[in-house]
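What follows is one chain in structure tokens, specifically the form predicted on its own.
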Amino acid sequence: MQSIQTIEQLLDGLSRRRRLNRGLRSAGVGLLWGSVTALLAVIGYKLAPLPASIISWAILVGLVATVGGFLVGFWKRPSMLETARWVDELKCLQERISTAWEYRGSPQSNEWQTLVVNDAVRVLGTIEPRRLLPLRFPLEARWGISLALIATVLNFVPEYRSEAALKSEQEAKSLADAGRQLADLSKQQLEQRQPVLQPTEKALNEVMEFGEKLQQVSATRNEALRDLATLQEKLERQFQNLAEKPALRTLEKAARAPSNGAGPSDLQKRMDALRQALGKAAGQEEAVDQLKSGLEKLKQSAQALPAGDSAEAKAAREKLADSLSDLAQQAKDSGIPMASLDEAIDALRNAQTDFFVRDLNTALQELEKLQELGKNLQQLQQEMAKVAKDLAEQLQLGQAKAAQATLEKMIQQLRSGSLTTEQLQKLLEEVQNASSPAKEYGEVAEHLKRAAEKMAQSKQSGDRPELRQAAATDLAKAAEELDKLLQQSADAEQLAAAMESLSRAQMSLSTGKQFGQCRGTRPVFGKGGKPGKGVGTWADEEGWAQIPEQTEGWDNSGIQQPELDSKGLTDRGEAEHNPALTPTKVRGQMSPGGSMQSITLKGVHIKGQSQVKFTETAAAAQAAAQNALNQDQVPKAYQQSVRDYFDDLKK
């Protein structure tokens, strides 16, 4: 019995080592095939325009094959009898071990069995499992590691790409970038404000879906431009329907003012908030400017400070500290205490120039912030002076929010019951005066007219409460109608922003630039002027209510707008003709049968029937023409003709 246990222990150890060896060998095979896959993927990526993700996928396949191979090999454990037969075969023992293992279950022991078992124990005692089954990497694993190293080295080799492949790759990047930007901007718009008009919401969702489609679907540039042009036309038609409403134009014009059409109470709240932020610096714009100018001069002087602790350097720092102390005292006298100036003085006297410059920059930033707040306060004060005084002026100037506040005030007065005859007469006159400018606001005029009639009847009949309540209801309906128009105006603004995004995407796809490098068709300076190189002059009076013409995508950033004279006619003296440029007229004659002027175009003449659809060809030609226009390759005199030609093709 002791001998059987000894055989079992030895066979069990050998069985486990066989199982582990099987796992290692299977893992080596998986590693070999995974390395071959990775190597082929790297070579393919270096020679062909394949996506870079193919290498990641190949590495993942190699890892899965290695781990999976080990698990497959390690999964099944060999039995004791199989191991005994394997040892017999490997060591040429003529089935001595397997026979002894088979005798272990025999119910009767005899001498022969004892001899066989003892012989097996003796033979197994001469076997060392570590030598018989050494744990080492199989040959397949070593080849796999070598191929993986080769693939790693090849991964650092630059990719070979033909000119067509580079162009296609750049187009794919532009498509993905434009699609991502369109989707993100549309999503932000919908998150910030949900449109009230269903067509507007649907249009914004379509823009977002179009952006997501550009990222996911491998479309060509011409296909993307064609779909984009179709979407643009759809948004333009919807936008034109909104822009045709006179009320929206007036509201949009008022919304472009710094006050954003806010009422007097809102303006006063904003002015109070700015005054609180400014503190004692409110109204001290000149002192702030002087302080900033003085600090900038000291900052320039600090750059010329001598280094070290020489007597000259100490004297220069002391002189600079004295000048800074004067400015700090000037700030305190003006009611603008600045702690950073005191810290700068201490740093300067301690020869800590870096800290001095840092504190000086902090002080300059604080002054710039005060200047900005002061400018905003001045603008609001100017807007406050322009706020309409009554309902008629508010409607005429497009100040819908102020008009709503006025209507709410009238409603409260009518419903209070303490309205005197004189107050009712005053309300009646104000509402009647507002009827004319309210004609641009749809049903607002009708509601005001009804309210005025009921107020007049109430006055004539000696103040009847039911008529005053009915008039208040009509005024409430007028306020609701104004709110609807404001919401529609906001929808139109969202459509304009979506169209601008599409315009930027079109320019990005046409020129091959990134989306962020392209500017939309909205003006940079002015209140609606067309974009263009330079600083712009007088802007158009229309904002988003007029779809701007697509022009060059010049970058106006960093250009300062010069001061211009007032708009109007100027005296330029008497017109003088250049003697060398005397106007003459030459009449030409067509000779019958003569040759006409022609232009020879370069290209390959291909005979046969075209298989390309007209719409695709027109979209590609339009994109190429737009690209040429943007890059100023077409003479200015012919640019409008080119645009008209492709506009006719759309029809």
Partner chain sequence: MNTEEQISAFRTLWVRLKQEIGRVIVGHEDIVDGTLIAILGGGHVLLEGVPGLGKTLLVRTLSEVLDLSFNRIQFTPDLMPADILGTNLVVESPEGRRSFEFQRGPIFAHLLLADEINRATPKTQSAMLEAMQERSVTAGGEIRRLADPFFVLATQNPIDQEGTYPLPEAQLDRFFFKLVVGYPTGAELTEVINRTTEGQKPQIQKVIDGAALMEWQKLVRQVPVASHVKDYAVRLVLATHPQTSTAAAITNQYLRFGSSPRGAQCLIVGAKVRALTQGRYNVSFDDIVSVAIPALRHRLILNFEAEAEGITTDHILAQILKEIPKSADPIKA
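Fair warning: this is a prediction, and the values are worked out from it, not measured in the lab. Numbering follows the first chain given and starts at 1. Basically, rigid core = biggest C-alpha set you can superpose within 1.5 Å across the two forms.
What comes next is about the form predicted together with the partner chain, which does not appear here.
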{"item": "Listed residue that, although the partner chain is not shown, lies within 4.5 Å of it in the model of the complex (heavy atoms), from Ser174, Ser510, Ser186, Ser98", "value": "Ser98"}
{"item": "Listed residue that, although the partner chain is not shown, lies within 4.5 Å of it in the model of the complex (heavy atoms), from Asp119, Glu140, Asp390, Glu212", "value": "Asp119"}
{"item": "Region of this chain that lies against the partner chain in the model of the complex, out of 401 to 409, 284 to 292, 84 to 92, 266 to 274 [heavy atom, 4.5 Å]", "value": "84 to 92"}
{"item": "Contact of Glu102 with the partner chain in the model of the complex (heavy atom, 4.5 Å)", "value": "yes"}
{"item": "Any non-hydrogen atom of Glu111 within 4.5 angstroms of the partner chain in the model of the complex", "value": "yes"}
{"item": "4.5 Å heavy atom contact, Leu115 and the partner chain in the model of the complex", "value": "yes"}
{"item": "Rigid core superposed: Glu466 CA moves 2 Å or more between this form and the one not shown", "value": "no"}
{"item": "Rigid core superposed: Glu209 CA moves 2 Å or more between this form and the one not shown", "value": "no"}
{"item": "Rigid-core frame, C-alpha of Asn118, shift of 2 angstroms or more between this form and the one not shown", "value": "yes"}
